[in-house]
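Next up: just one chain, as structure tokens, the form predicted alone.
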Amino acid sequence: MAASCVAASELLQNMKLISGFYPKASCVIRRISTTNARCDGQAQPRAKSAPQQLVGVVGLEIHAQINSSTKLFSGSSVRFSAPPNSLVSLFDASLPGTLPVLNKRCVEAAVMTGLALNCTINRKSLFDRKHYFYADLPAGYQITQQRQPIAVDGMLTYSLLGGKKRSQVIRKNVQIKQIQLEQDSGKSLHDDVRSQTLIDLNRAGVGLMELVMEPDMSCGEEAAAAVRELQLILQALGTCQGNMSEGQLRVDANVSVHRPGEPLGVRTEVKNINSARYLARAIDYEIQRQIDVLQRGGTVQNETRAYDSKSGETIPMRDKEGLQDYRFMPEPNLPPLIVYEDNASLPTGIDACQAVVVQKIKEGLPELPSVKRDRLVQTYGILPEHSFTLVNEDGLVEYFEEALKATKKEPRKVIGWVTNELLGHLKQQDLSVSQSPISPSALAELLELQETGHISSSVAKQVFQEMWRSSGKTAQQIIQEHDLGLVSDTTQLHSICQKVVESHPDEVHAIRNGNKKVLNKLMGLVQKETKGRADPVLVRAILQEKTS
């Protein structure tokens, strides 16, 4: 993230100190151990005389890059890793006399995001200038929405997997204070060898949605789960690609600790965290650090910190004690942003194609991740953790449902193949679902052959491996080429089973004495002899006959 973004977010935080960042309403709290800052699913029993434990309080500010082909106020293209300063208009460079032209796509994306997060969409919102100086901010101010943002008072519902087996779905809520439109700054490239800083303005003016979450979380695990859920929602909507490694989703965490019932503690801001995993680690470390400081009799400083992923620690960047003056003022070159409830509310003479209509956007909302997970569990009877796996991988739900249509195999059996075999191979080779060499229909054909008894489960996995290596070959072709069909010849199987029984008298004796589990060992030996091609039902029947 550009250093100017750091300065901008830091100054915005200081302004929020005026009105108070934390609401008076009680927030979700979890007991934080002084040796382990992980969330507990339920409060632990505590002796009445024991002092209350310090608990963490976490709020997030997230900058989501709007998925648009052009910037917020200019026609310049948006493209990651383009040659430096190749996507810069005269307005982006802040040349005198240039004026902003609002991108309708960015407004619609913000409205759609607000609706998905249960926000109130302000029919009238305003743009402001937020003044501060940094080299990659050519105008000396950022156009944002400080006074009246486009969406307010929302709610994000996210889920955690808890319980002894991590299979119980625990739902939690975090309030969304506001969503505001604003422009990104450029990027400073520091050349330590030549002791100089170079400026790339390709990102200057790119449209952002800043989502401000209230401090309703208590640890890193909750914050990471909320960010992952938001990421899935944005991707489902198509309003943000959510690629954190490319800076499309950037997270700042506000962290403090206090004892329940007492005023909230002094908070620190951990800046520029670029993965959900690092976010969880940074928050938990910072909660524990603040607890340690207070238990030693020290004072937590109101400061900005960074997370060092190598050491796993947060490190101080600068203090926030001094209040910055952004000199906010109305943006004189942009009129109020007006959105309309429906076509009937459009004033006479307004072209519906040029207006942003909330009802039209609402009708186009896709199925959201939480709804999709619930539907998968209820429709197919799969486990909740499997629904999380399906939804978390782009295109995996569609793959699973398409495969199901072409096979009579139970959904719970199909899900095992999709989440274990298919997803395991994709992860191993760093491929997306859309790049899978095995199509849903091809996988369904393989599963149908297994389901109808043409091949055993072990052979099915062999065929899957061959299908992965030999893209284009069907399961039936591979089975014929390698003669992998089930051995159903009773005479041949009787001969093999007799050989196994005669060579393992101890096992036969154990079976005849009532240890029926040993029969599985003999079955495994028969399958080894037939290279996994023996009909297991037939083999069991023959072995039971010969060992009775």
Partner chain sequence: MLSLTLKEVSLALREGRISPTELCKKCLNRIKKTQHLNAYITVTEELALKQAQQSETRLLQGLESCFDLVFLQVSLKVLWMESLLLSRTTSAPRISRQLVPPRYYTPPYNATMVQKLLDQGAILMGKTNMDEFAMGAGSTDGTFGPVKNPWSYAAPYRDTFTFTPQKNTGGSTRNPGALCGVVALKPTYGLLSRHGLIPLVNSMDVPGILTRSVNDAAIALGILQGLDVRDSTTVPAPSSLAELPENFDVKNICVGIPKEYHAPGLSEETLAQWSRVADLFERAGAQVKQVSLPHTQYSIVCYHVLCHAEVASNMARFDGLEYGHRSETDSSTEAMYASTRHEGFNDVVRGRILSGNYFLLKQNYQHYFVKAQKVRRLIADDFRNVFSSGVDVLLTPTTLADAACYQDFTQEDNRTRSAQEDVFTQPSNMAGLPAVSVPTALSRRGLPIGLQLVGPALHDKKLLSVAQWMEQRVGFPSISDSDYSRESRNDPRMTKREQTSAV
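Positions refer to the first chain, counted from 1. Not measured: the values here are computed from a predicted model.
What follows is about the form predicted together with the partner chain, which we do not show.
Enquirer: Within 4.5 Å, heavy atoms only: does residue 367 come near the partner chain in the predicted complex?
Expert: Looking in the predicted complex, residue contacts with the partner chain do not include residue 367, since no heavy atom lies within 4.5 Å.
Enquirer: Residue 134 versus the partner chain, in the predicted complex: is there a non-hydrogen atom within 4.5 Å?
Expert: Residue 134: contacts the partner chain in the predicted complex.
Enquirer: Just checking whether residue 325 would be counted as a contact of the partner chain in the predicted complex - the rule being heavy atoms within 4.5 angstroms.
Expert: Close contact exists here: in the predicted complex, residue 325 approaches the partner chain to within 4.5 Å, heavy atoms only.
Enquirer: Within 4.5 Å, heavy atoms only: does residue 101 come near the partner chain in the predicted complex?
Expert: Because a heavy atom of residue 101 falls inside 4.5 Å of the partner chain in the predicted complex, the answer is yes.
Enquirer: Taking the partner chain in the predicted complex as the reference, which of 396, 93, 115, 346 has a non-hydrogen atom within 4.5 Å?
Expert: Exactly one residue meets the criterion: 93.
Enquirer: Exactly one residue in 306, 139, 169, 107 has a non-hydrogen atom within 4.5 Å of the partner chain in the predicted complex; which is it?
Expert: Partner contact (heavy atom, 4.5 Å) among the options: 139.
Enquirer: So which of 328 to 336, 248 to 256, 218 to 226, 271 to 279 is the stretch with heavy atoms within 4.5 Å of the partner chain in the predicted complex?
Expert: Contact-bearing stretch, as computed: 328 to 336.
Enquirer: Which residues within 437 to 471 place at least one heavy atom within 4.5 Å of the partner chain in the predicted complex?
Expert: Read in sequence order, no residue approaches the partner chain (within 4.5 Å, in the predicted complex).
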